[in-house]
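Before any questions on binding or motion, here is one chain by itself as structure tokens, the form predicted alone.
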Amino acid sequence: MKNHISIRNVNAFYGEHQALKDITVGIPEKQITAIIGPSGCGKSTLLKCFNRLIDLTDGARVSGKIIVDGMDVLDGSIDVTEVRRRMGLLPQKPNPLPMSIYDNVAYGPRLHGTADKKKLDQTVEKYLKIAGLWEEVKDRLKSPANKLSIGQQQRLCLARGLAVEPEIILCDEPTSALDPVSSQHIEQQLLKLKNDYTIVIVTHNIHQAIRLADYVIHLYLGELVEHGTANEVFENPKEERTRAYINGTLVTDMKTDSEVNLKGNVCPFNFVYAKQALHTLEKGKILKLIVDDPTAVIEVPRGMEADGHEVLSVKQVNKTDWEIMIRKNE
């Protein structure tokens, strides 16, 4: 198994907070690698180190090496634009450019010097087909991209990222804002694309990781807990913390002081109600939230951590519902 990305002794800091602690691991070529772990464990930070998007965060600094095709992407002298061209990014929320469907896909190739109309036409059609969107939009390519459904917008972002011909596709919770049908579309495309691309996906959804991953990296509180093939990690994890995370028992034997059912609510109301519930508790007490909004699974833990509280566990309990365990720290 050949590694496409080699991570060596990588540490990352946001100010005084250390988000990644001496990470050394390889990402195999032309496979789907899932980075798993609870909220705040460093998954998205590691992903941002690959394409140097972490540079855009004030106070962030990174040490170590990330080797891609013999090049250390953390070397200060390299062309960051070229690094990002090699690594297409599929973000958590679709971010189509304020232009037509056609121009969204053609944007990258034009930026890199392609001006020939026929070649651009071919490129747009090719990558919309690869993203599974061509048949739905071929008769309205000049329509504004923001008129598409959110699921279609995410597939458009995939096509746009592929149009600059990257080697690696980075996916940061790519289906968390999507409905189940749109999520399935994205997952199906990723499974096809691994024949030609190395894919790294950050996901809170352990079931998604089981469906997609060939290789798994488990992070916890910025540390590398375990890594290996999906079969090894999911069927016979070596570390108890990995077994607990996969089984959703990371906070066993922990007393819950309050429970709030937020099913039927959407963000930002989930976060507002959760904040109100936490306000009634004393410092150190634990709140259990039950949510069924996929966006809340991401945004509520992030908002709670931003407020200084500790997210103990994010666990899917059935097809629609999630439990979020939070300790009040402020």
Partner chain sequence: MQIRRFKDVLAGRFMLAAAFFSSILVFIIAIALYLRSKPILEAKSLGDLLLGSTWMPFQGEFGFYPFILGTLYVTALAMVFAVPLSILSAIYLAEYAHENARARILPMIDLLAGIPPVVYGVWGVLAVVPLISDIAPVIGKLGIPFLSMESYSTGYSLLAGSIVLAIMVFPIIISISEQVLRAVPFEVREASLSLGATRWQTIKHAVMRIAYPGIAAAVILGFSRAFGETMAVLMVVGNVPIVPSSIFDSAYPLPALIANNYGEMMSIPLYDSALLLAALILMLVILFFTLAARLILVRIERRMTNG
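Residue numbers count along the first chain shown, from 1. Nothing here was measured: the structure is a model prediction, and the numbers come from that model.
This protein has a second form, the form predicted in complex with the partner chain, left out of what is shown; the following refers to that one.
Trainee: Note which of 207, 192, 112, 119 lies within 4.5 Å of the partner chain in the predicted bound form, where distance is taken over heavy atoms; exactly one does.
Mentor: The residue from 207, 192, 112, 119 that makes the contact is 112.
Trainee: Quick check on this chain: which one of 161, 222, 151, 237 has a heavy atom within 4.5 Å of the partner chain in the predicted bound form?
Mentor: It is 161 that has a heavy atom within 4.5 Å of the partner.
Trainee: Is it the case that 53, 85 and 97 all touch the partner chain in the predicted bound form, with a non-hydrogen atom of each within 4.5 angstroms?
Mentor: Heavy-atom distance to the partner chain in the predicted bound form: all three under 4.5 Å.
Trainee: Any of the heavy atoms of residue 134 lying within 4.5 Å of the partner chain in the predicted bound form?
Mentor: Because no heavy atom of residue 134 falls inside 4.5 Å of the partner chain in the predicted bound form, the answer is no.
Trainee: How about residue 228 - does it come within 4.5 Å of the partner chain in the predicted bound form, if we only consider non-hydrogen atoms?
Mentor: Because no heavy atom of residue 228 falls inside 4.5 Å of the partner chain in the predicted bound form, the answer is no.
Trainee: Do residue 81 and the partner chain come within 4.5 Å of each other in the predicted bound form, heavy atoms counted?
Mentor: Contact with the partner chain, yes.
Trainee: Is residue 89 near the partner chain? Define near as a heavy atom within 4.5 Å, in the predicted bound form.
Mentor: Close contact exists here: in the predicted bound form, residue 89 approaches the partner chain to within 4.5 Å, heavy atoms only.
Trainee: Heavy atoms within 4.5 Å of the partner chain in the predicted bound form: which stretch among 103-111, 213-221, 70-78, 229-237?
Mentor: Of the options, only 103-111 has residues within 4.5 Å of the partner.
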